[in-house]
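The chain below stands alone and is given in structure tokens; this is the form predicted alone.
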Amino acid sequence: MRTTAEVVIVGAGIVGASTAYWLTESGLRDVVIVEQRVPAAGATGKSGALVRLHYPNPHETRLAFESLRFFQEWEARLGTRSPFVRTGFLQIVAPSDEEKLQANVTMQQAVGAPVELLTAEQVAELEPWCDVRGITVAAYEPESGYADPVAATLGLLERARQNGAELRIGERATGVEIRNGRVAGVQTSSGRIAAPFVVLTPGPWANSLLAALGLDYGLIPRRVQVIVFRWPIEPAPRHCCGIDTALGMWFRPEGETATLVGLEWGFRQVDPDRSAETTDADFVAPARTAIAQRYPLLMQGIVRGGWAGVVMQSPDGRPLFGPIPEYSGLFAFLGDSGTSFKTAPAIGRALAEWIVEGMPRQDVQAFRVTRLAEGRPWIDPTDYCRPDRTVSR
């Protein structure tokens, strides 16, 4: 095992994997990824892994659009089978949010995102098994869908490994070593790795590492749940992925016969080392009721399983990433708030460009880690959701 590296990445979720991929594609070879469990064992592996473009701001929309193109080009870039499944995506809102939806679609189209507005009648034509009552207008993304989050993570890590990176599984980072205000390396459960650059992508385990550095970003690890319903008919209808903020729900196909459902429901702060990975029994009924309001046949859906994961919630519900100004050579991706799988290819590229080129090519200042200390929390006037929402989508 290496005792020195050019860059050490803490955490082998999708963002850590993406960062390793881009660093090694840029020519760096001496990269070490430290993972306390196995790749994608945290929030990534529990994600619904929607790959969609709909955000109420241009900053995340641009990241998502760049990342969608990456998923679409996966086979050409990595030479392996793509984990991406194109289904189309629907954003459904309450009638009171129709003006916000229209404004967001206009913004998304301005940055080049393939999205269009549909009437309720057009939604019914697209998805004849969908109950469109209460829908006045929806946003539709024909190119979007979802991905296998574990396969995506493993694919990026394997390419990084082929490029020279070392993945160390079952090794926990216990601290970042600082000398004279600059990163000197990482202490792990197996020893020290000296390095001039460290990237923290530890998901819900961030707070202990940050606290040792005197940093506190108000991050809260929160437990979220999803459940899978098998359609009670054969063949099962094919349908889009979607987010329905009127019902506080998101959904996507799960294979050929089932639908995965997540809710804005039942979140609580937890210890990520002691949080149950299975769905609570009392989650089933509200999930079934919610999805049946759009797909009535799923009121008789057969429960085929579910899971729970822990996401790290930021105070304003938006990710913080980039350089940590207190310590030269330290970078981080923090507080993804359950919504950063789809933007991970672009986020990893930006982090890698900071290290290799000194500055990312895309403007990502909106995500800076200092914005909360500056008294400038992220507020989107056209957001449909509570600022503390997270549904691990």
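Since the structure is predicted, the reported quantities are computational estimates derived from the model, not experimental observations. Each residue number is its position in the shown sequence, starting from 1.
In what follows, reference is made to the form predicted together with a small molecule, a form of this protein that is not presented.
For the three residues T201, W205 and S340, a heavy atom within 4.5 Å of the small molecule turns up in the model of the complex in every case. In the model of the complex, Q36 approaches the small molecule with a heavy atom inside 4.5 Å. Shown alone here, E171 lies within 4.5 Å of the small molecule in the model of the complex, counting heavy atoms only. The small molecule is not shown here, but in the model of the complex it comes within 4.5 Å of a heavy atom of V10. Within 4.5 Å of some heavy atom of the small molecule in the model of the complex lies at least one heavy atom of V310. Taking L298, V224, L90, A113 one by one, only a single residue has any non-hydrogen atom within 4.5 Å of the small molecule in the model of the complex, and it is V224. Here the chain stands by itself, but in the model of the complex one stretch of 126-134, 77-85, 171-179, 277-285, 171-179, has heavy atoms within 4.5 Å of the small molecule.
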